[in-house]
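Take a look at this single chain, the form predicted on its own, given in structure tokens.
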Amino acid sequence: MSDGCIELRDAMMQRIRAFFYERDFIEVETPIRLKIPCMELHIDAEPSGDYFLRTSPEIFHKRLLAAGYERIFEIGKCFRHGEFGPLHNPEYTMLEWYRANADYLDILADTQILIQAVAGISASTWQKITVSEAFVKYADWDPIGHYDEDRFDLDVVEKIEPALKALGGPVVLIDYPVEAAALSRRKPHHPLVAERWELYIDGIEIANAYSELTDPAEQRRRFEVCAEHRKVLGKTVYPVDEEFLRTLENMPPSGGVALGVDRLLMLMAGADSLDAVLPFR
């Protein structure tokens, strides 16, 4: 761990909380152990007895939105099985926040102001590129309407992320194929596009945001498709969370984002690995 990272982390946490308190968000605390993990294709939950450790507090946050809470945030530990490397750790700190009656562009505006307040990166330096534009320019094909999961995932790692790193600074990759955004609503008048964006800073993925899907029938269908894909890949297939689907019936239109706190700290420290900022790795 680099010198001064504990103090830098403390200062960062204070700025993050101040940002949300000044904007009338409520800080919440939700369960870390849960019976049914959220079903996503490439994210595996860590078993904990008969339960699992959460990969995200998202399901509980949406239950709070459905109960009438309009601005909520949480900073807490999350876990992903088998992820370890310079930018990955099985245990990590996640910041998530949600706003009722908002969408992914409202959350993007929040994120720009937050990053400027916490890391001193001006919103005027941000670049935005659609997934279609990025893939046509850097990978010679458009995944919107021609989605190929294996090709998409490979090109993100080998072509798109290196290109975004070469651009430098904050880059927002926006408007994903609907097949690559399991919990995001479709873009009006563009049914093959999902309202999702990811933030990269100097080529490192920092945040992932959606206009949240609130249609329980569509969400069930996506979970079932994901379950079939996980089965083909030999992964654990989690049950469909029926309580979560019932929650969506009462959830208002909302936007939400998950931001990797450890990675943000790494960038603020000028480090190229989580080893520099996690004292007990």
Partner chain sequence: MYSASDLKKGLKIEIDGDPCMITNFEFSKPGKGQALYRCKIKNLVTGNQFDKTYRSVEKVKRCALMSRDFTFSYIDGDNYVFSDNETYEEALLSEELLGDLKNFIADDMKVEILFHDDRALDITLPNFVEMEIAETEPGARGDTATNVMKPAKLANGYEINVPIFINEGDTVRIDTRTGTYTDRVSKG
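Residue numbers count along the first chain shown, from 1. None of these values were measured; they are calculated from a predicted model.
This protein has a second form, the form predicted together with the partner chain, left out of what is shown; the following refers to that one.
The three marked residues, Pro191, Pro239 and Leu245, fail to reach the partner chain in the predicted complex, with no heavy atom of any inside 4.5 Å. Glu205 is the sole member of Asp106, Glu91, Glu133, Glu205 with a non-hydrogen atom within 4.5 Å of the partner chain in the predicted complex. Contact with the partner chain in the predicted complex, defined as a heavy atom within 4.5 Å, holds for exactly one of Asp175, Glu74, Asp110, Glu198, namely Glu198. Remark: Ile32 does not count among the residues lining the partner chain in the predicted complex, judged by a heavy atom distance of 4.5 Å or less. In the predicted complex, the partner chain sits within 4.5 Å of a heavy atom of Glu149. In the predicted complex, the partner chain sits within 4.5 Å of a heavy atom belonging to His42.
Using a 4.5 Å cutoff between non-hydrogen atoms, Leu233 counts as a contact of the partner chain in the predicted complex. Of the candidate stretches 61-69, 22-30, 42-50, 214-222, only 42-50 has residues with heavy atoms within 4.5 Å of the partner chain in the predicted complex.
Of the residues in 84-116, those that come within 4.5 Å of the partner chain in the predicted complex through at least one heavy atom are, in sequence order, Phe84, Gly85, Pro86, His88.
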